[in-house]
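Taking the form predicted on its own, here's one chain by itself in structure tokens.
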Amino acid sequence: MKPCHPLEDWEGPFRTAVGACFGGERVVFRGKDLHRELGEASWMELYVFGITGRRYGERELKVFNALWTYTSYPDSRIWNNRVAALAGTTRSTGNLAMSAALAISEAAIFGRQIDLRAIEFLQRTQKMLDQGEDLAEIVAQELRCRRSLAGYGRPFTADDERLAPLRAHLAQIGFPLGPGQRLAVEIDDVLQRNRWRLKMNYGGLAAALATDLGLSPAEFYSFAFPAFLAGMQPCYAEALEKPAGGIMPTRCAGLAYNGPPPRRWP
């Protein structure tokens, strides 16, 4: 087998299959002329096409759009929005504010890493079921190993307020109940029958929909990471309208501290 030498093997003209810009002439975007063939596409359509290389219909694009819209909360108390607001209160640029807020959106419990775990769990579970394994045992084993189930449970409330409106939207546009969604519901049923205090949350339904839309875990991750962005912009803009330092200032005396007492420095 020929040894791999990346620097030598990829030396020479730049090789790509995703696109190129020919200045003054045209731009190729995954084999399509960006301005002539994709110029009428919505931004969401172009974004998903860039990630997957696949074109989706109007109904599917409405699902993609809803997955972002229904979780864009303009609340500066939320961990990643707080970064956007604090950046605004220090008069940082908007680009830096949004970049920093999106960077910490990869949180392992609340953010994009849990989405990745959720879709991987769903797709791995389906393969195990196809091999004849029992769903209840798969769920129990996942809980034993990880002490949590990605896509199920919520730390501060049992019910997720995003599920009902999203399901109503899916019914309104006639999006079918696919195998990913059915499996997510079956897992939820197993949790309820065994009295585990976990219910499906938004991440579980989003992962199920992504599966039904044909996304791999890597594609779902790339699609999902800007999902909070629309809620960040209002937090940043409001911080700019207030005096510098006017977002959530806290006195030292307002903190409950139980650590070592103050020390004198020589």
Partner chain sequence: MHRIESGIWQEEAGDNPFVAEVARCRGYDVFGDMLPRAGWADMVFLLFAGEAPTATQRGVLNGLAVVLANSGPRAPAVHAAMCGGAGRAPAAASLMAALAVGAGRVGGAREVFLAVDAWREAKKDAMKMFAALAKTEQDAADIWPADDTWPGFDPHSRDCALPVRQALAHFTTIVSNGALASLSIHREGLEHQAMRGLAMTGVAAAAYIDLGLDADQAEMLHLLLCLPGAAAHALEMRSKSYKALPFGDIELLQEGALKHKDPAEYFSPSPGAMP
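We call the rigid core whatever largest set of C-alpha positions still superposes within 1.5 Å between the two forms. These numbers were taken from a predicted model, which means no experiment stands behind them. Positions refer to the first chain, counted from 1.
What follows is about the form predicted in complex with its partner chain, which we do not show.
Within 4.5 Å of its partner chain in the predicted complex, a heavy atom is found for none of T71, K127 and A244. Residue contact check for D188: none of its heavy atoms lie within 4.5 Å of its partner chain in the predicted complex. Taking non-hydrogen atoms only, K62 never approaches its partner chain to within 4.5 angstroms in the predicted complex.
Put simply, L116 is close to its partner chain in the predicted complex: some heavy atom of it is within 4.5 Å.
With a 4.5 Å cutoff on heavy atoms, L143 does not count as touching its partner chain in the predicted complex; it lies far away. For its partner chain in the predicted complex, the listed stretch (91 to 99, 129 to 137, 161 to 169, 175 to 183) containing residues with heavy atoms inside 4.5 Å is 91 to 99.
For the stretch 215 to 250, the set of residues having any non-hydrogen atom within 4.5 angstroms of its partner chain in the predicted complex comprises Y221, M248, P249, T250, in sequence order. Taking 2 Å as the criterion, E11 counts as shifted between this form and the one not shown: its C-alpha moves by at least this amount when the rigid core is aligned. With a cut-off of 2 Å and the rigid core superposed, F22 has a Cα displacement that falls short of the cut-off between this form and the one not shown.
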